[in-house]
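Before any questions on how it binds or moves, here is one chain, the form predicted on its own, in structure tokens.
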């Protein structure tokens, strides 16, 4: 018999408990309890002006705040019929990718890596392999700095608003980021090599996989939602027509399903659906990762985040180059307040993030709705634990615990976002 109870799982964002009970090879109980209290951000925006919603919803998470800001703004623009400039879109992509750089570096090196080198935290790793931690800090710092340059500050960006930007980086600052981004490509490729060297369990999830997809881009800012197994492609704004949320008794976070199945979002889903849209650096990183697509192994989430780091570094350098060449304005477009309903999505580091709003004729929000990546992943995390636990139930309790926690951490869960 193997019974595992972990209170306040370490090295994830937010607070959650794991309970797994396996007896004679049979799973008796599996739970991922999100014990963070519900925070009711969807209710907080009701009764507020439309332009306050992005500032409020960015507080759902300090890590994912650029993604909440951009997704919220896009949903409001859809409701009000606001079209933005190409320059604004390019700057927003840089803002989203700044979040990728800082989040992926944090997750991979600070949260996930200790699992694979037999250490309890990053601090002993900093003593034994300081060059590895320094690499992580360079990547994270660049992501933070890029977010600050484009969004006005590192956490809860303020310069991105409905219709455009209130300000943007001076030309010389923008030009400096082209070189900085190209300078960390080597760090990103070294990250791929490091995580490709780690042995991960041979395990297959049974969940559906969803990600944004587009015909001309590795979709992180815009696109339709695509289901890997079912094969359909639908407007992301219609997410309520294919995503179902259920209240579960053991957790403060809802569980999501698609077509009655649990689902997985994040780097594995994105790579499976959009690998053909990786840039040259991203394709080289994918080849270096050793992962063959399509993969159904959630433990591959880590190395595929590293692939995205490499792709993002080179891709953002290209965006900066285009911004320096293209001209145009990112100043906010005029907004004609009207009644409307709008929904939108972006790919946050952990997976697809959805926002929608109903706005009254006076510009006041009547209804708000958010579905976060972790809220989509939670049902699949539990399903994976249920399937994975019997395969490692013969291990001693410390190793059993590490493996179960590794599985959970591979999803890079943000439990604070899940109880928004």
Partner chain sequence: MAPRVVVLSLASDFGCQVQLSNMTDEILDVLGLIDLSYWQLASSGHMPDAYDVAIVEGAVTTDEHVALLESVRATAGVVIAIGACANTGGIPGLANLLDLDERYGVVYGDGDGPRVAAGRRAPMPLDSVIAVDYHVPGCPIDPPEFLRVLSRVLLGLKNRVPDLTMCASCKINETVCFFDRGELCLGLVTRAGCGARCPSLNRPCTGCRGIAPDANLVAARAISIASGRPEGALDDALRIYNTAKEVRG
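Positions refer to the first chain, counted from 1. Here the structure is a predicted model, which means the values were calculated and not measured.
Below: the form predicted in complex with the partner chain, not depicted.
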Q | Contact assignment for the partner chain in the predicted complex, among 375, 389, 381, 60, heavy atom within 4.5 Å | A | 60
Q.
Using a 4.5 Å heavy atom cut-off, which residue among 88, 281, 272, 144 comes into contact with the partner chain in the predicted complex?
A. 144
(Q) Please pick out the stretch from 151-159, 209-217, 259-267, 172-180 that is in contact with the partner chain in the predicted complex, where contact means heavy atoms within 4.5 Å. (A) 151-159
**Q.** 4.5 Å heavy atom contact, residue 35 to the partner chain in the predicted complex
**A.** yes
(Q) Whether residue 79 contacts the partner chain in the predicted complex should be assessed with a 4.5 Å heavy atom distance threshold; does it? (A) no
Q. Heavy atoms within 4.5 Å of the partner chain in the predicted complex: does residue 167 have any?
A. yes
Q) So, in the predicted complex, is residue 251 in contact with the partner chain at a 4.5 angstroms heavy atom limit? A) yes
Q. Would 229, 243 and 338 all count as contacting the partner chain in the predicted complex, using a 4.5 Å heavy atom cut-off?
A. no
Q. Which residues within 88-106 place at least one heavy atom within 4.5 Å of the partner chain in the predicted complex?
A. 102
